[in-house]
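Below: one protein chain in two forms, given as structure tokens, structure 1 then structure 2.
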Structure 1
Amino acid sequence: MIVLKFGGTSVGNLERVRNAAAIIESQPMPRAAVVSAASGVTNLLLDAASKAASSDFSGMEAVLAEIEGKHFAVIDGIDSPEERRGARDVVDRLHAELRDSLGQASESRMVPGALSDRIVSIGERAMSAIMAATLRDRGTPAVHLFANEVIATDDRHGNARPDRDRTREQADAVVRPHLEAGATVVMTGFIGGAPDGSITTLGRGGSDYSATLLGAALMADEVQIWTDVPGVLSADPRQVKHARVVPQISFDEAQELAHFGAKVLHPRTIRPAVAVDIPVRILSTFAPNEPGTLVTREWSGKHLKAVTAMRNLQLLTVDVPELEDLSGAAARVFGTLYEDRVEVVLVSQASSRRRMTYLIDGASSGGCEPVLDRLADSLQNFDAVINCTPDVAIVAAVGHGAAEQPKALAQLLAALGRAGVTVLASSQQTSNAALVAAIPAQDADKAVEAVHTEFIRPLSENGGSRRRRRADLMGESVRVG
């Protein structure tokens, strides 16, 4: 059982939809595909909603025309008149639903969460119907399903949390019969269904998340994330010219990379696969014969595999006069940050100096001033000294077991020093898969390049041998567990 997920760039036009269909057909049965909206459509839907709420009807109509044009350009490329007509009927109904939802936004002059989710879901729902029709047009039995009937969530619109037990039950009831009948299932990504039946969305990285949730519910042999990059790279190629694909990483390493800013995977994406030990493969629709990156529970080699940076952070330090005050003050700090929904990225504590250091998300905090004001109130009984440094980044070097090596952190700090990068804080823990250093945000690109050069040799230094083709690797069984 294979679950394939295709991002917006992979289904952005007629040619890419056909390429994705060919990739789906190349996989063994049973199989299910999870599709995003065509590239740009989600932003257009949000724009249409904004224009409707502000009564900009001419602007709204222009956006709707662009959305409809994108969908019908693909539908018109379906050869079979019957399949073309069927796809157009489904998409016409979705466009009518969109207009009705935009009418509600116009009347209320606002777009509440539930209405916004219903509007943005149109892109995924349309593409699932178009992809299924494309497959049938090519002679492959296929059905489309809307994920609000499969992925069960709570009622937090815009960033819903999945209910995995209900999802498993619904996947068995809704998806599995089609698979057992020999059909390829094409399901929408990004969306789910609340207990009251309303459509929800899973937030950033939601389509990848949908794929691993479905894979876990169906106990798939593998989940494949098809995207516009050839796999997990050792660094952002815009920062490091000799960055290369990492052939295999562990679940822990993938989560560390995602947490510290790598764009290939959202941190939540891996969790359902980890829970049931399903491998995840990252592949490119533009280089389908390349092996990509395999993400499994196992890890190989005590070396650093990739370097990434996370920006827009603030460095918060809290000093208390007495050692016994540390626990109480820490509880107040965490409580205050939680109440304000400020994301804590990294925490360290130096008992000898009675200091706690927090790296927090600058976007969710609103800047240093409000954080300092709130913590001053919370810690007024501790006589604490609180400081906040804005415009901070984290550079993270990821590789399971690397943190166990005594020289690794010293080597990282030395590389940053030679590059002229000031280190504001650093961390090395043997239980983690990453070495991290907090640095001025303006030095992030320079830091990533310096650390990558220090720990990860250019491909030419490794002998320049060609990686095995994906067709060869896929011929081997994938070990699970």
Structure 2
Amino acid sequence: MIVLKFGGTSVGNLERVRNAAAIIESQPMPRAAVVSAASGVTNLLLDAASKAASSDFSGMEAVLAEIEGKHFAVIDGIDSPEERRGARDVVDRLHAELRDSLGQASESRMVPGALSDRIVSIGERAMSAIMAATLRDRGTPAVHLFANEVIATDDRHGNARPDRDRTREQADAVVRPHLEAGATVVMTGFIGGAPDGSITTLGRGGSDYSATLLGAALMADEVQIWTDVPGVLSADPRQVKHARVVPQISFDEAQELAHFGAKVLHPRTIRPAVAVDIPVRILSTFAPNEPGTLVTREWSGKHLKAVTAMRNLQLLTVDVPELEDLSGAAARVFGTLYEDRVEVVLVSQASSRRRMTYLIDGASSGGCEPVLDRLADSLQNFDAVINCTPDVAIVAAVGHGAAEQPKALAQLLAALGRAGVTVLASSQQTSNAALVAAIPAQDADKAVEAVHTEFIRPLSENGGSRRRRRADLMGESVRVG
């Protein structure tokens, strides 16, 4: 059983949808595909929602026309008139539902989480119907499913957490019969269903997570993440032009990379795969014969394999003149952050126990600023001075074993120092797979470049040997030291 996931660019237009369909057909049965919305559609849907809420109706109509145009351009490429009509019917109904939801947003002049998720789910729902019709048009039996019937979640709209047990039951009841009947299942990525039946979403980029959740629920042999880069690279290739493919990484390493901002995987993608030990492969729809990156439990060598940056962070510091009971104070901080669903990315504490430092995800519930007053209240008895600094980033270098070598952190800090990057906090204890430094956000690009140059050898230094060059291209990375 194989689960294949296709990201937005990989289903972005008629030619890309056909290309993805051919990749699906190249895999053995049973198989399920998980699809994202066509590239750009999720942002357009969010834009339409905010225009509706602010009564910008002409703007909203222009955005709707763009969304509809993207869908119709692919549907019009389906050869068989029945399949074309069938896909058009489903997508017309979705567009009508979208208009209805936008009407509600404009009436109430706001877009509450549940409504936003319903609006934004249209992109994935439309693409699942389009992909299934495309497969049938090519002679491959296929059905589309909306994941709110399969992936069970809580009710945290916009960032829902899955219920794995219920998801397994629903996958057995809803997906498995189609697989057993010999159909390729095409399921929407990104979305789930809350206990009250409303549609939820798993956070931006969440279709990767949908794929491993489905893979784990069905005990798949492999989950394939088909995207627009030839695997996990040693850095974001949009940022570092010498970045190269890493052929194999461990679950731990992939989790650290995803957690610290490597967009190629949604941060929570690897967890379901770890739980049931399913290999995950990252592959390119633009180069489907390349080996890509294989993520498994095993790890090899004490290498730093990749560098990543996480932006949009805030630094929350809590200074206390005298702290007898650290856990008491920390419990209050965590309690307050939890109530507002503020995500903590990294925690550290000065050995004197007078400063606690929390790196906060600025995108979750507006970060630390909105909770400052309540934090001050809850820490009243501690005489605490609390500060929230915006515009912070993290640069992380990932590699099992390498990250625990004492020399490695010094080398990372030295490289940042030479690049003129101020380090606000640093750690090599987040796990033994990552070295981490908090830095000013404006220096993130410079920091990634500097750390990549320090730890990952440029191709030009590979000597003349062709074999050596090939090994490097295949993603060997340099040892620390």
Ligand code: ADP
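Note that this is a predicted model, so its numbers are computed, not measured. Just so we're on the same page, residue numbers count up from 1 along structure 1's sequence. Just so we're on the same page, rigid core means the largest C-alpha set that superposes within 1.5 Å between forms.
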- Task: Pick out the form predicted together with adenosine-5'-diphosphate (ADP): structure 1 or structure 2.
- Result: 2
- Query: Treating the chain as rigid parts that move against each other between structure 1 and structure 2, which of 86, 230, 173, 378 sits at a hinge?
  - Reply: 230
- Message: Angle of the smaller rigid domain relative to the larger one between structure 1 and structure 2, in °, please.
- Response: 12
- Core-superposed C-alpha displacement of residue 236 between structure 1 and structure 2, in angstrom, equals 3.0
- Query: What is the magnitude, in angstrom, of the C-alpha shift at residue 391 between structure 1 and structure 2 when the rigid core serves as the superposition reference?
  - Reply: 6.1
